[in-house]
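Below you will find one chain, with nothing else, as structure tokens; this is the form predicted on its own, and questions on how it binds or moves follow later.
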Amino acid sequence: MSEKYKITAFASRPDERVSFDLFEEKLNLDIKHVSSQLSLDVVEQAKGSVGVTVLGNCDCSKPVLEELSKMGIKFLASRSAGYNNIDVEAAKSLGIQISNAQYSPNCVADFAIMLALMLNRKVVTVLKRNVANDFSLPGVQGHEMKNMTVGVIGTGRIGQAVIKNYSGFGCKILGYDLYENEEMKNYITYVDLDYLLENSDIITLHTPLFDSTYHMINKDSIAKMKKGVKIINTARGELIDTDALIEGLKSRHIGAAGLDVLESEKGIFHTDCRMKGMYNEQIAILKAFDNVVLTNHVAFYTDQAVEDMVYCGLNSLYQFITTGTADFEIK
């Protein structure tokens, strides 16, 4: 067998190791595992590798990419779908080819539906009361999904899976996307964004983070929404102006929120902060609401998705090395 290709895996987690070991053998790779997230402090760990694979919480800013380039590294493959942590223009200028990952859309789609169901049935309040042995009914009356109008912003792979899930409940579904999907027209009615905001009981976000979508949910867009609207975000935290969301919750214009991502999550989510004295005002406020479900960026986290993400990252590096391009290359 030919000499193995040396790569470094940053932010390598124990739960990924089974998949790493499986594809390391299949793709003829020699993987160095670094548990730390890629940053200027640990970038030297990549020395001697032909490529690196990272997660979405890694620092792939220009200074870090410059250090990789100095080591002769020309390939960087993210194991995450989102790549807003990567300075794409800097990578291009340095001649570093980059890629992102695709994984089963069902993990995030199922989680988004779960959040909506929890909000509809006021599960947070029910569970908090149960701790105190309060099993009374007043204040926990819920809503049935079939009576809801759901607005889906973003009808890509995950948005499509969400739509198909919602269709099983018999609710009315509105969709907004710059690029309409013909198959989805069997399930939804495409409308403009203002119409969706004004007419949805539940708004669920499944769009990538671009400059054009940054804080797309803000004070002005919230003002257009129905009083009592429920907002679900399992995409990117920066899609929502968190301060505006909190004000909407305080005023009760927003009826409830299910958030798996938050714009201030970096360095907190996916980290054990019990002994760090961590304080984040936005998280503290959101956790105090009985009508908010806040989870720590885990919607993606299933066995199938982890295997898919590891494979995408490693296979992209293998393709870059052996063919000069990759299926999920970002150009």
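In case it trips you up, residue 1 is the first one in the sequence shown, and so on. Small disclaimer: the values here were computed from a predicted structure and weren't measured.
Separately, the form predicted together with ligand NAD exists; it is not shown, and the next lines address it.
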Among 133-141, 164-172, 103-111, 223-231, which stretch sits within 4.5 Å of ligand NAD in the model of the complex, heavy atoms only? 103-111
Mark residue 178 yes when one of its heavy atoms lies within 4.5 Å of a heavy atom of ligand NAD in the model of the complex, and no otherwise. yes
Residue-level question: is residue 248 within 4.5 Å of ligand NAD in the model of the complex, judged on heavy atoms? no
Consider residue 64 of the chain shown here, and say whether it contacts ligand NAD in the model of the complex, taking contact as heavy atoms within 4.5 Å. no
Even though ligand NAD is not shown here, does residue 120 get within 4.5 Å of it in the model of the complex, heavy atoms only? no
Partner-contacting position among 150, 235, 76, 257 - heavy atom within 4.5 Å of ligand NAD in the model of the complex: 235
Taking 4.5 Å between heavy atoms as the contact cutoff, choose which of 46, 60, 55, 299 touches ligand NAD in the model of the complex. 299
